[in-house]
Each structure stands twice: as C-alpha cells, then as structure tokens.
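One chain comes next, on its own, written out as structure tokens in the form predicted alone.
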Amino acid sequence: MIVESHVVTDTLHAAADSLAHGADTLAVHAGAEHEGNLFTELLHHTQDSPELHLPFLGAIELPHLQLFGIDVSITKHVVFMLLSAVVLVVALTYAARQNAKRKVPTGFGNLIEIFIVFIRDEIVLPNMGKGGLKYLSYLLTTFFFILAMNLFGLIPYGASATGNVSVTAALAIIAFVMIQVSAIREQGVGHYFAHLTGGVHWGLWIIMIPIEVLGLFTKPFALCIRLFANMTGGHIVIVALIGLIFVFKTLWVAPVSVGFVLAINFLELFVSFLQAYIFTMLTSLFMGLGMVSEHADEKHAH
C-alpha cells in the first residue's frame, strides 16, 4: 500500500508539473500571438486592404467587383487615389477661378502659382527647352497628383496610394508612353528607331539594339521603384519605432519612440514634396533626352 501511495503521489506531481509547463507554454504562445496581433495592426497602415477604417465608424467593407473574371475590387489605396483626384480637381479649379478674378494672385491661388512657375522655370525649360512647354500640363498633373497621394498618408486613418507598387507602376507606364511620344514627335519615327542602333557599325547592332531597348524600360522602372520604396520606407520606420515599446515591454521607452515618430512625420512631410518633385524632374529629364538630338537641332535650325 505504501508503494502504491508513493506511485500515486509521484504520478500526481508529474501531472501537476506537466500542467504547469503547459500553462507556461500557452502563456508564451498567447503573449507572442498578442504581440504579433499588435505588430499586424501597426503594419496595417502600410498595407492595402479591402476595408476602410474611419473614426467612430470602425471598419467599412469596400465593394468587391469582378470584370470578365478579373478582380477589380475597390481597395483602400484606390479610395485614397480617387479622393486625391477629386480634391485636386476642386482645389485647382477654385485656384484658377480666383486667379482669373485678380490681376495679382493672392492666398491659395498664389501658392498654386508658385508651384506652377517653379515647375515651368526650374524643371521643364532647363530639361526640355521651350518645346517642352506643350507637355507642362502633363508634368503639373503628375506633380500635384503624386503630392496629394503622398500627403494623404500623413493624416490619421489615411493611406499613401504611392506606397502601392501597382500605383507607382501605372504612373511609370504613363511616363514611359510620354517619353516615347515626345521623342517621336520631335525626332520623327525614322530617326527615333535609328537611335536604337547607337550610331555604331551595323555589325554591332546585334549587341547595341538590345542594350538600347533595355535602356528604354530601365528609366520608368527606376521611377516606379524609387517612389514606391521611399514612400513605404518612411512608414516602416514609424512602425519600427512604435514597435520598440512592445519589444522592450516598458512604457519608459514610449516618450523616446513617440518623439522620434513625430520627428519622422515631419521628415515624411518633406519627403512627400521631395518625391513628387523628383518623379516630375526625372520624367522631364528623360523626355528632354529624347527630344534633344542632332536631328532635332537641325530641325530647329531650319
């Protein structure tokens, strides 16, 4: 009986230890899952989603649409892209009407005119010459549209559509088309295709033509990735700084993290303007490279 009692006691102790170990394991997994959920919530701001989060209303499910078997559903980034377009149409129309009423623009109209004059005098004319003025409306649209999408990512519950590579790719494709169109219009179709040979002997065409064709696509690819990476990187840094509070598991880190986040937000405000400027400037530069050629010089000389 004594032996059996010891056996039962040992069994109970083993079961208790096993339950305690299991409880600790579950607690660790629960804690890890909780931290994972927190990080997921933090990263949610940088990702596209089929839901739109609004204050006091919570998550709103966006409509799912199918077109010929292709998913064309409206997502959060699509909403803010369309919102950027609407805001620009309203704001720029208002500025144009205000400037039309006054000989000397003031207020918001004056602010918009400053941007327009800067892009015309500091971007278009130096890179494309006077012939580039006919493309000024496209470059202005590009600048203001990218700027609006960038700025919407800085407001609470907002999102930067330019943090989506699909959006930046679409902007880059449009830029690619405009680069080729401007070059063909200035040089002519024959001279445009002739420049793909690089002006070398025909025996080297088999090497030069693929290189030149590849060069046509590397420019818009660089525009796409540059804008996407810069706009996404800032948000990832903010998430990482806030995540330090959960990594160190103490509120003593919170003032430092929040302070750095505020500083990064001001930096992101500068980056929003800078990236809109860089995309517009590089597009103008690439268009100017195609427009300025020996053939174009001869054309203008005559």
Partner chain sequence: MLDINPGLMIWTTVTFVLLLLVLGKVAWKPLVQALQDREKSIGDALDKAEQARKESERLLAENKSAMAAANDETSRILKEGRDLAEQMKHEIVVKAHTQAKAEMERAKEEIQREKESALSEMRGEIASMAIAAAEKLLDEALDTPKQKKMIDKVLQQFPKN
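These numbers were taken from a predicted model, which means no experiment stands behind them. Numbering follows the first chain given and starts at 1.
Below, we refer to the form predicted in complex with its partner chain, which is not included among the displayed structures.
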Residue contact check: residue 120 to its partner chain in the predicted bound form, 4.5 Å heavy atom: yes
Touches its partner chain in the predicted bound form: residue 218 (any heavy atom, 4.5 Å): no
Touches its partner chain in the predicted bound form: residue 250 (any heavy atom, 4.5 Å): no
Close approach of residue 265 to its partner chain in the predicted bound form, 4.5 Å, heavy atom: no
In the predicted bound form, segment of 151 to 159, 138 to 146, 182 to 190, 202 to 210 with a heavy atom within 4.5 Å of its partner chain: 138 to 146
Contact residue in the predicted bound form, chosen from 222, 170, 196, 214 - any heavy atom within 4.5 Å of its partner chain: 170
Contacts with its partner chain in the predicted bound form - residues in 56 to 76 whose heavy atoms fall within 4.5 Å: 65, 70, 71, 72, 73, 74, 75
